[in-house]
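A lone chain, given as structure tokens: the form predicted on its own.
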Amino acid sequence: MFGLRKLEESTEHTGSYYAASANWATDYPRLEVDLNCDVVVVGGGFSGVNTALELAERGFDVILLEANRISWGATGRNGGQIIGGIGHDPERFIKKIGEAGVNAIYQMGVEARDIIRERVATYGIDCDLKWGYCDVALKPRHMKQFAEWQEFEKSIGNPHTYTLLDRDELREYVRSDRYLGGLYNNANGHIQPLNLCIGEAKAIESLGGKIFEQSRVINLEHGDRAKVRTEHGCVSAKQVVFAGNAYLGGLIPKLASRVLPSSSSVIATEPLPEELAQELVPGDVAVCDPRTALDYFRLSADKRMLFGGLSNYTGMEPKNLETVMRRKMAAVFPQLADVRIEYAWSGWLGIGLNRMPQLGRLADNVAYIQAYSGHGVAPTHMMARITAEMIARESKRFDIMAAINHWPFPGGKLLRRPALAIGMAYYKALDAL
């Protein structure tokens, strides 16, 4: 077992590979005046940036407020894996949303990835986008699950092909003796997420939207024109969207009680020789295993191994983060046991109790988006789109998501983390069987 420490944060980006390889350093001004607009969006990650961009594309006068830097939180720290689907098992909510609602969620899960494809093409965003993905099996039951998953994707009309791979076939994409086989698809992929997000922010600017960094929101005043106050200024708007997710803090108690900031960590090696990179991941795909506390990995554009995992509900990271993550990486690729690790970082992702993204209204003119439970690069883009649709008076898809109940975590601030940690320990035990 390893000791834990709190994440050390500042108002600038964490020391990640993504920040080090950013196309440029954003330097938007701090809000220091009072402004008016149609819509103010709070939060400069994928959800907030894409909500603002969708609205700007529709002709709305938009202001985006970010407490630190664009892509500072989970958006700029994740594994960079583009995965389709919206949440987990929407059939659980069929009494609330009906069969049509369930089907709509599945179709949104397909569309989510296409939005990223469109964004990159439309705005010429340089973000190392690459398609190709492998789920990998550690146990025979995982192969059975993959076969069922393959049939399910056909049943919902997914236009992309999902190919079941045995151990030998998997080696065309991933070469590790740890895995029994896998499920390959070209619908999912991987990306430099920070560069995608700052590229999308630049697109907002090109459409006339305004962005302010280092502008933490400290208060919301409800009214026909809601007022969002920062430490140094104020925005009055017809509509407000909160998209701070795990980093919104206690600003809105109702939202804070329904999302649990959980930590996850990533390491990046030094650039690997081309021959070694090809030996490890010849398909240059993103890879993930199906466990509760899973491993995920991929090669960067400059052939570093980006290896992530260690998700836990403490909200902290190991004191010996590099050592722990190296051990996990070497269990998959022994060839990397002694390779130099140049970056190691952690961040929070927002966990929801029912593992479905949370969308809704705090008032007629105040909406929110949060809680992707570690599955957010593509779904954030979809939830942003339907939130913009709702503001533009096309609320059908937003209303489907908003009809799903999201309960506060039990135990309040003191007990909810221990309770969830016990739950995770239970599922880890099942994974080990």
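The numbering used is simple: start at 1 and walk along the sequence shown. In this text the structure is predicted, and so the values were computed from the model without any measurement.
Another form, the form predicted together with a small molecule, is not on view; read the next lines as being about it.
*Asks:* Check 17, 195 and 304: does every one of them have a heavy atom within 4.5 Å of the small molecule in the predicted complex?
*Replies:* No.
*Asks:* Tell me which of 146-154, 262-270, 332-340, 232-240 has residues with heavy atoms within 4.5 angstroms of the small molecule in the predicted complex?
*Replies:* That would be 262-270.
*Asks:* 285, 137, 83, 211: which sits within 4.5 Å of the small molecule in the predicted complex by any heavy atom?
*Replies:* For this set of options, the contacting one is 83.
*Asks:* State the residue from 349, 325, 112, 359 whose non-hydrogen atoms include one within 4.5 Å of the small molecule in the predicted complex.
*Replies:* Looking at 349, 325, 112, 359 one by one, just 349 meets the 4.5 Å heavy-atom criterion.
*Asks:* With the partner left out of view, is residue 188 within 4.5 angstroms of the small molecule in the predicted complex by any non-hydrogen atom?
*Replies:* Residue 188: no contact with the small molecule in the predicted complex.
*Asks:* How about residue 227: is it within 4.5 Å of the small molecule in the predicted complex, going by heavy atoms?
*Replies:* Residue-level check for residue 227: no, no contact with the small molecule.
*Asks:* Any chance residue 217 has a heavy atom within 4.5 Å of the small molecule in the predicted complex?
*Replies:* Flag for residue 217 set to yes.
*Asks:* Decide whether residue 365 counts as a contact residue for the small molecule in the predicted complex under a heavy atom distance cut-off of 4.5 Å.
*Replies:* Contact with the small molecule, no.
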